[in-house]
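As structure tokens, one chain now follows by itself in the form predicted alone.
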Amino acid sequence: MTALVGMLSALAVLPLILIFGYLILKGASSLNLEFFLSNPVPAGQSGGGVAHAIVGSGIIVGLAALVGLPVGIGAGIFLAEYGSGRLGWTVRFVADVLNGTPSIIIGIFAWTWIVRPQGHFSAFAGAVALAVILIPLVARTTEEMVRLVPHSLREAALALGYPRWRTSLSIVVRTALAGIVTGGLVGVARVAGETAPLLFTTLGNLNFSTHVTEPMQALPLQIYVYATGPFPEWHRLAWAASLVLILLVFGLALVARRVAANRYGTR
């Protein structure tokens, strides 16, 4: 049985190894300083980079995290500590439905309520779409982490005269902080690779831009444009950008694992 479980575990990891290896094979040779520091060149020419897309992804995902993490963590704490009533059931149900909603639907929602009334695409609209995806994911993860805190800690704090709200924030959240941070990082890594919502909201931009009220490029969008283009040079850059994106997601996952390991003394 140990051998069988080991074989099944290897089969589960095999697709990731194959994808990562193929991306290294196709894209590693295109990684250089020009790729990270330069903007795209006109179509048909060689060279150029995706600096504008890297910065754009950082801005859009950063804004999404700035909105989504506090709301998601707050909702998760509420569900774990005070979510036994009808309101908690409703919030939990909505979060589960949103977690199962295709991301392209979230993009259409953001286009309808933000892009269309404003009359133009923007990085802000893309950040809102990603935040909508991030909030329920972080909320449910936070709820599970907070529920793992032993009830004896809550009872001890209440016995010392702590009010319920202070017990939740000072004792429970502090105890579950590593798990909450881990869930937040995993959620950010999850939305960092989303493409469909950004197609309906940020649209993309061939120029370097840091204005959140204007269209902005992101790595997933740049990969989509290059991969579907007719030029071999674009295809080469698409593989390199894909490798950079998966390395960023991989790095966030490693940070999340490190946070959990430092808290619980595991590797």
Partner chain sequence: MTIIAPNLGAAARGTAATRRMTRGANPADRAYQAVVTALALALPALLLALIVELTINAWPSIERFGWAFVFTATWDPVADVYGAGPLIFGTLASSVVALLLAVPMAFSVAIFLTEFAPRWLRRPLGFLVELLAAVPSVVYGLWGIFVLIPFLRTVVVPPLKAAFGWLPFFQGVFYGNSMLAGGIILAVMVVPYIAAVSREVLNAVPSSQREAALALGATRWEAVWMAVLPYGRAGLVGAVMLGLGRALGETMAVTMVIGNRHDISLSLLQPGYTMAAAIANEFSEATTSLYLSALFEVGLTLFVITVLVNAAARLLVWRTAPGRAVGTRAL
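Between two forms, the rigid core is defined as the largest C-alpha subset superposing within 1.5 Å. The structure displayed is predicted, hence computed values, not measured ones. Residue numbers count along the first chain shown, from 1.
This next part talks about the form predicted together with the partner chain, which is not shown.
In the predicted complex, the partner chain sits within 4.5 Å of a heavy atom of Val249. The shortest heavy atom separation between Ser242 and the partner chain in the predicted complex is within 4.5 Å. Contact between Ser122 and the partner chain in the predicted complex is not found at the 4.5 Å heavy atom cutoff.
Although the partner is absent here, Asn207 lies well away from the partner chain in the predicted complex, with no heavy atom inside 4.5 Å.
Using a 4.5 Å cut-off on any heavy atom, the residues of 107-134 that reach the partner chain in the predicted complex are, in sequence order, Ile108, Phe109, Trp111, Thr112, Trp113, Arg116, Val132. With the core held fixed between the shown form and the other one, Pro15 has its Cα displaced by at least 2 Å.
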